[in-house]
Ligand code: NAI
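The form predicted alone is given below as one chain in structure tokens.
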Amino acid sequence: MKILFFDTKNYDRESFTRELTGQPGIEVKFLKTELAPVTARLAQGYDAVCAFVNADISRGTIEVLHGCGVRLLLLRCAGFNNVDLDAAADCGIRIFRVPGYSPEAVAEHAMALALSVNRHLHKAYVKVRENDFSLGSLMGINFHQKTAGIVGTGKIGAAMARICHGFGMKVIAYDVHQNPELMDFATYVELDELLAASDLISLHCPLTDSTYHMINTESIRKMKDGVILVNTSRGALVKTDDLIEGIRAHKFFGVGLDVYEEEGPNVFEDRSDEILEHSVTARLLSFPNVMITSHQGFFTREALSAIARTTLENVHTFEHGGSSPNEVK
């Protein structure tokens, strides 16, 4: 099995190389290039390609991959909203993903963002480095006995719910499918009730037609004044222009984002010498109560090892003609 890896960083190469030890039947090549229609032709002669969540896996890309003889698309991530599934089915390309590499990694990052914007850690760090030890504008709130609203209670949302419960928070949740593992301490409510009652709202749902821009002017209006909003899931769950208006209207105590709309060109790239062509990122960063990180929720040693291990297990499943819940259809 020959696999071409797109958009790889040093940490991808290291984690996969470790897991490939003792697997001589798999030959890999790592590229820094992102997968897109214009680069897909590089897969000529390979059986499979491996891509990340920000790849352009549209019909154009898939048709080029099919023409190159690619039979397998490996996603080293959970999300697959960037993949044209119909095109893959038409071309007979099977798709496997990594749905649960480390739920705790993302959930812990979500809580880190919530704590940071609550206690203004991003501002405190800068102040102290400049020998300013005053406490002005650094006051936060206790999370203890406050209400956490978890939107989406799959593996990551469930992990976040447990963290919030550990902080002594009342946990309420919204999901189309209720998670029985949370019934001991979480209460499922309708989304409108969650928006109105929560002091902290954390988004952990996939991006679908029904969840696209679920956080918008109308839903923001239903939230408590002074709410903290965290998104570590998908940027398009939040309509950014409406979020910005809500921030300007002092609706939010703080906002923590590991994902946001129009993040594509920025993800994992050093653009410190550039003038960003999109104003959304600059506008968000201009607010003192907003903290943005660069899609790093997954980025722990444990998660990278799990991603590599599961991806290679998906290869073996494909080679042996087996079935797996990791397959996307």
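If you're wondering where the values come from, they're calculated on a predicted model, not measured in any experiment. Residue indices: 1-based, along the sequence shown.
Omitted here: the form predicted together with this ligand. The next part is about that form.
Here is the short version: of 156, 73, 201, 164, the single residue with a heavy atom within 4.5 Å of this ligand in the predicted bound form is 156. Only one of 259, 95, 247, 111 lies close to this ligand in the predicted bound form, with a heavy atom inside 4.5 Å, and it is 259.
Against this ligand in the predicted bound form, the set 99, 176 and 298 is in full contact: each member has a heavy atom within 4.5 Å. In the predicted bound form, at least one heavy atom of residue 210 sits within 4.5 Å of a heavy atom of this ligand. Contact check for residue 234: a non-hydrogen atom falls within 4.5 Å of this ligand in the predicted bound form. Interface membership of residue 220, defined by any non-hydrogen atom within 4.5 Å of this ligand in the predicted bound form, is ruled out. Within 4.5 Å of some heavy atom of this ligand in the predicted bound form lies at least one heavy atom of residue 206. Look at 87-95, 210-218, 115-123, 138-146: in the predicted bound form, residues with non-hydrogen atoms within 4.5 angstroms of this ligand sit in 210-218. Taking this ligand as positioned in the predicted bound form, none of the residues of 32-46 brings a heavy atom within 4.5 Å of it.
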